[in-house]
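Take a look at this single chain in structure tokens; it is the form predicted on its own.
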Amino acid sequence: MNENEFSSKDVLFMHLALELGDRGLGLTEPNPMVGAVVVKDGKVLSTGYHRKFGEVHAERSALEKINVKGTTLYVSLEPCSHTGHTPPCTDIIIEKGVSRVVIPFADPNTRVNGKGIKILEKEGIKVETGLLKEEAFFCNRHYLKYISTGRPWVTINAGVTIDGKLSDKNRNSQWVTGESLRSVSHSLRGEFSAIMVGLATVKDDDPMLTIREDGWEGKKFVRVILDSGNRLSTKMKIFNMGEEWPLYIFSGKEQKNSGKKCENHFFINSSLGGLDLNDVLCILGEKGIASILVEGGGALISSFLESRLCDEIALFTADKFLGGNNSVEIFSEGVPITDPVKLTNRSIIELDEGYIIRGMI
């Protein structure tokens, strides 16, 4: 259906379904975030959302609470019709006597992709699609890229000065941004399945690359290190974390004889420009990683921007200038003015000490 064919109440209830789905942010991957709202006679009877990977789906969570027939179900993605970690959602929709289902679009997952719609329509349930498509795509952009391409969504996260510097002229990078910007930047990690950095970042900072905020207990968070020369010291902190923080290392094929430093140590194609980022993303996708936050250093960020392999960028910009020809810049390689990297769906948040620019590429 065309979006303007839906009523204002349809829009209201779908917005609620999307808001509910957002509660699963960072916890449902590689599955989507989904919210569901059950309505009859213009009143909300029940709601549900997919809380965590492997747990009850949104539709079942909402419908299990009621025993009323002739309802309308608003769902932020097509209901599944196959058995995975949970039973098919189409089963409970039919069982509970739902008469109408409203969704933004079909799930591109080959196991779904219109099958749920056909099963429901065969049972006489009216299925309407096309409501708040753009909003629904944005909410599930990680999942939709991953399920359609087999590769994870890539977001660059960088703390910079107002003139785009990642370090000062002596290449010191600590405290480029202030405490409030760093706090928000760090909390961004929870939205993703993995974090990625280069060798220089690990050597310079000896980071743990974990999530320290409350509320992420039990979340699996993969740490990815690109070390083309396999020079990473096993004395670094990243080698001394628990099973909830899996470590993946990528090195060049020519370093294979120097030995693996962790269970998930991959040896891939490389060149003078570094490791093949396409190979890295394909392998991570095969491992079920649906999204990655790239945090540095400058060379790695520049490589992702130059190759156009990133999907989104989050700049935490401090109200300061550093200048310096030797300072590390966020995009040192650069591109012609006729072919710039552009942001869409851009948002800007102002804080006391700077601002956050976030947008898709």
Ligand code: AOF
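Just so we're clear, the structure is a prediction, and the values are computed from it rather than from any experiment. A residue's number is simply how far along the shown sequence it sits, counting from 1.
A second form of this protein, the form predicted in complex with this ligand, is not displayed here; the remarks below concern that form.
Visitor: If the cut-off is 4.5 angstroms on heavy atoms, which of these, Val112, Leu132, Val154, Ala194, is the one near this ligand in the predicted complex?
Guide: Residue within 4.5 Å of the partner: Val112.
Visitor: Can you pick out, from Lys256, Arg231, Arg212, His82, the residue that has a heavy atom within 4.5 Å of this ligand in the predicted complex?
Guide: None of the others qualify; the residue that does is His82.
Visitor: May I ask you to check whether Asp107 falls inside a 4.5 Å heavy atom distance of this ligand in the predicted complex?
Guide: Yes, Asp107 sits close enough to this ligand in the predicted complex that at least one of its heavy atoms falls within 4.5 Å.
Visitor: Would Tyr248 show up as a contact with this ligand in the predicted complex if we use heavy atoms at 4.5 Å?
Guide: No.
Visitor: Asn31: heavy atom within 4.5 Å of this ligand in the predicted complex?
Guide: Yes, Asn31 lies within 4.5 Å of this ligand in the predicted complex.
Visitor: Is Ser270 a contact residue for this ligand in the predicted complex, using a 4.5 Å heavy atom cut-off?
Guide: Contact check for Ser270: no, nothing within 4.5 Å of this ligand in the predicted complex.
Visitor: At 4.5 Å between heavy atoms, only one of the stretches 302-310, 64-72, 320-328, 51-59 reaches this ligand in the predicted complex; which one is it?
Guide: Result of the contact check: 51-59.
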